[in-house]
Every structure is written in C-alpha cells, then in structure tokens.
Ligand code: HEC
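Only one chain is given next, in structure tokens, and it is the form predicted on its own.
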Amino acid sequence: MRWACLILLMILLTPSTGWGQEKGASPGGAGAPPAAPSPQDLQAGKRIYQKWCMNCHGAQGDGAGPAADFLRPRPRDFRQGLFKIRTTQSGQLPSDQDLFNVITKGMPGTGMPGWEKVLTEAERWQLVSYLKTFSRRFARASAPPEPIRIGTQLPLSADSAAEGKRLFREIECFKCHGDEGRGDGPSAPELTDDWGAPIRPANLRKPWTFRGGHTPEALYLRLQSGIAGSPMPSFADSLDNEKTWHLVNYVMSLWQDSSGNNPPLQVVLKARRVEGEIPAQPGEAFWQDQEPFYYPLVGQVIREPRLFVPSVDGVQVQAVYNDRELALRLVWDDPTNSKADAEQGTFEDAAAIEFPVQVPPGAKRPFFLMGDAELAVQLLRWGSSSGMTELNGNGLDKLQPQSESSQESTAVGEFQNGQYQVVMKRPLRTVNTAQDIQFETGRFIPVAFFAWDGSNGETGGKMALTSWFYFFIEPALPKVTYVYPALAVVIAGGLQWWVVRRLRQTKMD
C-alpha cells in the first residue's frame, strides 16, 4: 500500500506543462509520427509502459493499476480505443499525433502528468505504438481517422459571447456545467463514464484544468468531437462553425484572466485597515473593492486517510481590519452544497484558516498539518452544517474545539451556483490568550488554509490544504503622513507667491 502511494505521489507531483497555451498553437506541436513500428519499437514501448504507466493504467491496459483507486477521474481503460482528447471526428479513433500529444503534455486536472521531460521523443512514439496494441480497433481500421476542420474563427466580442450564452442554454450545457459554468448542474452528481465510474463536468471558469488545453482551437475541437468515454457528447450535428465559435467565445468570457492561466500565487496575505463597520455579509459590494489573494490547495497525502484528488483546488482570500476586529472573506468553488447527515453517511462542506497560537521567533513554525507537540495552532473553521468553530491542535489527531464560552469568532456563509462565500470575523485581541492568537499590525504571521468537500467523502484528515504562507496586517498610517505633504504644498505655494511678489516690487522700484 505504502509503495503504491509513493508512486502515485511521484506521478501527481510531476509537472504538466499544459497544452499549447500560445494563442493559435496546436496541442503538442511535435513532428510527424515515424513509419510503421518495428517489433523492437513495440518491445521498447512495452518496457516504457511497464515502468511508467502500468501502476495507474494496469498491466493489461484496463485502467485498473494499483494506484487507480486513488485517482479521480480513474485512469483510462485503453482496450475499447476510447480516448478523450482527439482532433478527429466523433466516434473515430484518435490520430497517432493525438496520442503523442497526450503523452507529451499530460491531462491537466487529472493524475496524468506530461512526460516530455522524462521520455525522449523516440520513446514517446514507441509508447504510442504499444498503447495501440491494447485495442483491436486500431488493427481493424481500414483508413486513417478523419480530422476535424476548424473553420474561420470569430473574434471574441460581447455580442458573440451573448449569443454563445443563449446557445449554452439552448443545447442544455447548463444541465451538467451549471448556470454559471462551475460544474454544478442538476445532472452533475449522477454522471458516470462509460465504465460506470463517477465523473464530474469541467468547471468552465478554471481553464487551466481543461483536459486538452484551453486554446480557442482546443475548445472548438471538444465541442465538435465530444469527449469519448464520458457524458460529453459531440455537438457537430447541432452547431455549425459560427455557432461553435459563439459558444467558444462565451466559455472564454467566463474566465477571470483572459489568458486562462491559473491565478498567480501570492506568498503574503495582506490585511488593509478600513474605517467604520466591516460588512458581515459576503455578497456586499464592499468586498468587490478589496484586493484578492489566491492560494492553490492540494490533497492531504501525509497521513491516513489520504486524499489524492481533492475537489477544491484553490481558495481566494480577502482580509481587512478596523480598530476592533479582523475580517477574512473566503471564496471557493464546490459543485455541491453538502450537509452533514449521520443517517445518510454524508459530510458537510467546510473551510478553515490556521494560525499558530504563539508566533515563534525567526523561521520556526508549527507543523502545518494541525500543529505539533511543541507548537500549538488555532483554526477558525466554518462548516455548511456546523457554522463557525474555533479549534486548537497539537497534531492532526489532537485537534479539539474550544469551549463555547471562550469562542469570539463569527461567520456568515453563502452558497450559490457552485461557489461558497464566507466572511469570518474575530477580535484583534481576545481574553483567551492561552488558546487564541493575538493579532498585531506590522508582523508576519504564518497562515495556512484547508477545505473539505463533503460530497467527495472529505472529512477529518481527508481534505485539501496548503502549507504555511504569511499573513501581514498593514499598519495604519499616522495622520501626520497626510498632513506633511499638504503642509509642504502650502509652504511651497506661499514661498513661490512671496518670491514673485518681491520680484515685482523690485522691478517697480
């Protein structure tokens, strides 16, 4: 069991460079495939497969390797010749170049990494040849698969995106992808692949997780070819070239960053001072004016129970404070609004912010996974069923809630269209100094984040998390900071007026 986890962790941590991110680039971009493979090529491909691929995809290519049960979505079963990412017509086999591209660039949002930096180009082509031996469809094919021809692209515009939004409703994309594209449609919880394994529709607002890349051409191909083996059909019969580009443009209009790249990681979370009352409701317009900070989350794989593929892959955080309290607004995507129900065996959705109880000197910090025997941590945790709870811990198995009388934090949470928004508030200084961190301005405080998706069976140590980052409460500028510049302007203006007046008097004399 332990060796399988180590192999899987190595695979998950292997970087995937993504698919042709430059605008207009075709996925992969490698040269033409070699001539028909020799027996030596097939033997070499088999050795490569057994070394790098078998632990997920299985010795027989059935997608049932020892690591398969830890992955979601599950590794592909190659025996039916159904491949997700293709440039070929619906129902047809992929081209050799398609298979090469997937091996080279990987599959973002899954456990499949890119092998460009591990395998040579020749080895990747040998692997392509061997993969094709798992399905008889390749040997039976009488002609090469027919490629999809991408028509003239329509430029992204408000009108085109609006028409795409109309088509999104008309052809019922929302039933899987949700009204706002976050993968929370009414059909989403029941979706399975062709092998009966649960599968989730893409969150269209996170293009960096798209399996075949997020260039306009890649989106066009997914709509025209579908994703074989999944509930995503081809729309070639209902969408002509113009309609396809309208729908592509609508999907691209959902992206916060027009490039479609993952939001940049910011090491320091800054809290800005504000005057007056801080709104407790997360939907207030006040929060739209505050700087957002984004933190990617990964599955907890250090201790049992491990989580290799979490549902929540990032959280956006905003922080402000006034003379009395600190407020933090957390926003994250979750396809379902899950509640704890002991009879049904379901768990609640939740998020937490972790601080050390006492900020240690220098670079020393508690263990980020709920503290350690020497250094305790405090968690501000909000759950969809339990609400706000303050906890202290000296380790994952030594986490305890504070007594209700000592808790001074509050929280308001909302769920809408596949997204949670939660505002947590806590006094800067509390009475319970033994268990609560005391916030001070101008100091770097370690901070970490956690999230649980109850519909994915996440509870306790089975969660998504970050390691330590830093939290910095910006000091309030003294009033003289604003007075001195104004005073300097007045003095300079007065001096200039006096000089001009003296020059005029001298001239008249």
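Throughout, we count residues from 1 along the sequence that is shown. Just so we're clear, the structure is a prediction, and the values are computed from it rather than from any experiment.
What comes next is about the form predicted together with ligand HEC, which is not displayed.
Undergrad: To verify the annotation, which of these, 387, 395, 401, 233, has a non-hydrogen atom within 4.5 Å of ligand HEC in the predicted bound form?
TA: Here the answer is residue option 233.
Undergrad: Looking at 329, 76, 132, 165 here, can you tell me which has any non-hydrogen atom within 4.5 angstroms of ligand HEC in the predicted bound form?
TA: Going through each option in turn, the one that passes is 76.
Undergrad: Check residue 185 for me: does it contact ligand HEC in the predicted bound form (non-hydrogen atoms, 4.5 angstroms)?
TA: Answer no; every heavy atom of residue 185 is more than 4.5 Å from ligand HEC in the predicted bound form.
Undergrad: Considering non-hydrogen atoms and a 4.5 Å limit, does ligand HEC approach residue 449 in the predicted bound form?
TA: Residue 449: no, not in contact with ligand HEC in the predicted bound form.
Undergrad: Does the 4.5 Å heavy atom contact test between residue 462 and ligand HEC in the predicted bound form come out positive?
TA: Looking in the predicted bound form, residue contacts with ligand HEC do not include residue 462, since no heavy atom lies within 4.5 Å.
Undergrad: So in the predicted bound form, does residue 191 come within 4.5 Å of ligand HEC, heavy atom to heavy atom?
TA: Taking the distances in the predicted bound form, the answer for residue 191 is yes, it comes within 4.5 Å of ligand HEC.
Undergrad: Among the candidate stretches 192-200, 329-337, 414-422, 266-274, which one is within 4.5 Å of ligand HEC in the predicted bound form when only heavy atoms are counted?
TA: Heavy atoms within 4.5 Å of ligand HEC in the predicted bound form occur in 192-200.
Undergrad: Looking at ligand HEC in the predicted bound form, is some heavy atom of each of 53, 177 and 210 within 4.5 Å of it?
TA: Judged in the predicted bound form, 53, 177 and 210 all sit within 4.5 Å of ligand HEC.
Undergrad: Can you list, in sequence order, the residues from 94-125 that come within 4.5 Å of ligand HEC in the predicted bound form, counting heavy atoms only?
TA: Result: 99, 102, 103, 107, 110, 111, 112, 113, 115, 119.
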